[in-house]
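Let's start with one chain on its own, the form predicted alone, as structure tokens.
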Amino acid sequence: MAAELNFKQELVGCFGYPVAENPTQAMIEPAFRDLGLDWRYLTLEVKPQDLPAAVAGARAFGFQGFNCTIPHKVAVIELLDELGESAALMGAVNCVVNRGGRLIGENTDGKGFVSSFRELDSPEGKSLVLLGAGGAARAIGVEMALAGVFKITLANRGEVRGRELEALFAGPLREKIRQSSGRDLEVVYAPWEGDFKVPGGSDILVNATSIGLYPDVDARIPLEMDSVSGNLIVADVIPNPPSTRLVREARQKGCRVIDGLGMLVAQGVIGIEYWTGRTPDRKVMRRGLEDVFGQ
């Protein structure tokens, strides 16, 4: 008997605005092909006012899930049926999963960062400096603290938003850590005026801002590079370009570095696992990104 013909492809994608510079498709679709899955990942530009219609469209088309990037990570929450534990705690969603017709909001950004960080070192007992207070900073701070970081220094150029994130870290996150492990979490808000000086004794520096994102590839983060010592692990969440100015300068100082592709691949692995129930080859995903960036 001839095999049954099936021309229906399962759909996932990315909702963002702007989104043309987002390279996620370049790693997800090779992973699907490697797994033998006839799935498509669509990069879709969705303006903020159109997000409700886009989510309704994803339901109507039977999307297996989708990613949310700037500026939708918080706004999408009210359009979903349920939140996973991490997403609820940090108040940001970057990965939506269709579970039996219900859209569940998860957050893979922080989990992906922890996964890529563990390739270099353990987070336990480390002091983390976070630049920025947006969705990426929320995700990274929450998951790194849960993974064992004992101190977070938070720097943001807008004090209102910075204080809001400080309240999350010093309140619900600290309480969860105390209840689950008996550990404490030290949280320090550092005003960011002029060039930021990395506090002495810090172990990890993360740029969780959008500074350096294409097309502003040579943008300088207001940072005292003399305060960036070679014993720091420096990470940049910017995936495009992979080698940002901060990444290049940190490498010159002898720092161990996590570039934006490391975090992007690691969180993409988790997203594919959520959507398909299967684990992709991260080498295939990294190679897909390196090919488009000429690495």
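Note that the structure is predicted; figures quoted are calculated from it, not measured. Start at 1 with the first residue shown and count on from there. Here, rigid core means the biggest group of C-alpha atoms that superpose within 1.5 Å across both forms.
One more form of this protein should be noted, the form predicted in complex with a small molecule, which is absent from this view; the next part is about it.
- Residue 105 falls outside the set of residues with a heavy atom inside 4.5 Å of the small molecule in the predicted complex.
- The closest non-hydrogen atom of residue 141 lies beyond 4.5 Å of the small molecule in the predicted complex.
- The small molecule is not drawn, but in the predicted complex it has no heavy atom within 4.5 Å of residue 72.
- The small molecule is not drawn, but in the predicted complex it has no heavy atom within 4.5 Å of residue 198.
- In the predicted complex, no residue of the candidate spot (86, 92 and 282) has a heavy atom lying within 4.5 Å of the small molecule.
- Residue 158 is the only one of 194, 101, 158, 215 with a heavy atom lying within 4.5 Å of the small molecule in the predicted complex.
- Contact with the small molecule in the predicted complex, defined as any heavy atom within 4.5 Å, is confined among 36 to 44, 234 to 242, 51 to 59, 250 to 258 to 234 to 242.
- Put the two forms on the same core and the Cα of residue 281 is off by less than 2 Å between this form and the one not shown.
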